[in-house]
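Quick heads-up: it's one chain on its own, the form predicted alone, in structure tokens.
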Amino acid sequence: MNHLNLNCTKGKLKNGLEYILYQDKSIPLVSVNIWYKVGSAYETKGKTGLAHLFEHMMFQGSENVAKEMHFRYVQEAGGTLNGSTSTDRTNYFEKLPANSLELALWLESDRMGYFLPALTQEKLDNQKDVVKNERLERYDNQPYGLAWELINTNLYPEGHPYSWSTIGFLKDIENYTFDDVQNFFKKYYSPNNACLVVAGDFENDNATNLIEKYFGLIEPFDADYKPEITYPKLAENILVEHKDNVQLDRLYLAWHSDLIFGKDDAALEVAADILSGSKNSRLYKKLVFDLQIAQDVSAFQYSGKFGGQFMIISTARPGINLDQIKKIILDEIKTICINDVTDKELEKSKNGIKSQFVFAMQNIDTVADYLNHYKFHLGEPNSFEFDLNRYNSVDKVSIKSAVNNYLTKPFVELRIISKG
């Protein structure tokens, strides 16, 4: 897999901004991808959702770029752009024709260095309304929309950085002040709390000069706050029943699991795939095909910097009691704890994960994001082979051990049931 060992150049400006350059001249495009080391995990009680609000605010203009013009400049150059917020980080990215690299770097540097002078109460109020509506549409008024929040507030102790959802609680969103937003920016949106990736068709010297030109004079803030990593445990199973405007009842089971890139993280991902990753997977075959008591079932390992959770979700067919589905899920987990998975299951799952990985590498945007992902979590952007080898080294013993370590422990059981 030598083609996964990418040739990158790393550098750091005097103000602390780290950058990674990866040349790929196969297509005349360039991807600019910046990660700020702040996500919803860095918020505090009463101020949840600020990281996500910032993803919106950063498109509202800066000192030299008027409101809405960031989008317009990129789109008129034939490019695309977006941003996203997770529990652990916030990122912003553009993909443009190669000759527009300077435009993307100027735009990103202007909002990093000169966002606050353009901030107004009107812009804040406007985006608070946008986020409130997003919260109502995607969470409060969406069937099953509160599931993730209900699980996290029960799985994690109060105050844990993962105990609230990324969008934040409605009351907190309504109460953001101008000072909250200014202080959040000064705490996290600093060059020494960010990493910039440029990937695609460019010359290294030119990119280095442009990064220095646009980012070099930005003053850094004191940006070193990190949440504590704790390892919460449930003393007993927790049952949550939530009546919702849904047609079909749905079961969610959630266990504490390993951190991202932890010892059992890859083995749990493979176990999740064996349970539900294809139509021939254990739970899908039993629940959906053979017994026909579920509409669907999915299992996944969701791991982050400050916690991990293993989830199994299944929607019941009309008239089916969720107890039936729960029993089969728990029985299957018990079976994996006692008996080895088969060679065929293991090989199929590992090959599937590997091919997804290699397929993702065909996209320059994804490569740029992976470089930042690895830099953030592992300290080394060129960790593609290391990551792939985690899955290559998963075997029957490590799967059985991982499932025993986590999925035999107490869990949160959420039932979303029809109001009717």
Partner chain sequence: MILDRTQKPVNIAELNFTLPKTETFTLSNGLKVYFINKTNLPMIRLNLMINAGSKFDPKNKNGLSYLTSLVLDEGAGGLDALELSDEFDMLGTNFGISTDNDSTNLSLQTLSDKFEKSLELFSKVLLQPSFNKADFEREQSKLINRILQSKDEPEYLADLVFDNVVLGDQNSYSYPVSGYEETVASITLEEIKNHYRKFFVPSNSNLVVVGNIKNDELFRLLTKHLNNWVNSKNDFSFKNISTTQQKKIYLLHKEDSVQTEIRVGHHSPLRSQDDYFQRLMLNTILGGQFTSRINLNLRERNGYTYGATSRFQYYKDNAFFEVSTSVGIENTGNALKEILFELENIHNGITDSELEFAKSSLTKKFPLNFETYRQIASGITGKILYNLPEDYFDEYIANVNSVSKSEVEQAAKLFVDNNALSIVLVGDKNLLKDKISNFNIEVVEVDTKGKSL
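Fair warning: this is a prediction, and the values are worked out from it, not measured in the lab. Residue numbers count along the first chain shown, from 1.
Only in words, not in the display: the form predicted together with its partner chain, which the text now covers.
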{"query": "Contacting member of A77, L119, L146, L330, with respect to its partner chain in the model of the complex [4.5 Å, heavy atom]", "finding": "A77"}
{"query": "Residue among D140, D179, E241, D340 with a heavy atom within 4.5 Å of its partner chain in the model of the complex", "finding": "D140"}
{"query": "Contact test, all of E158, N209 and L407, partner its partner chain in the model of the complex, heavy atom 4.5 Å", "finding": "no"}
{"query": "Proximity of K263 to its partner chain in the model of the complex, heavy atoms at 4.5 Å", "finding": "no"}
{"query": "4.5 angstroms heavy atom contact with its partner chain in the model of the complex for G46", "finding": "no"}
{"query": "Its partner chain contact at S100 in the model of the complex, heavy atom, 4.5 Å", "finding": "yes"}
{"query": "P232, heavy atom within 4.5 angstroms of its partner chain in the model of the complex", "finding": "no"}
{"query": "Options 251-259, 132-140, 299-307, 150-158; stretch whose heavy atom lies within 4.5 Å of its partner chain in the model of the complex", "finding": "132-140"}
{"query": "Contacts with its partner chain in the model of the complex - residues in 265-293 whose heavy atoms fall within 4.5 Å", "finding": "S278, K279, N280, Y284, K285, V288, F289, Q292"}
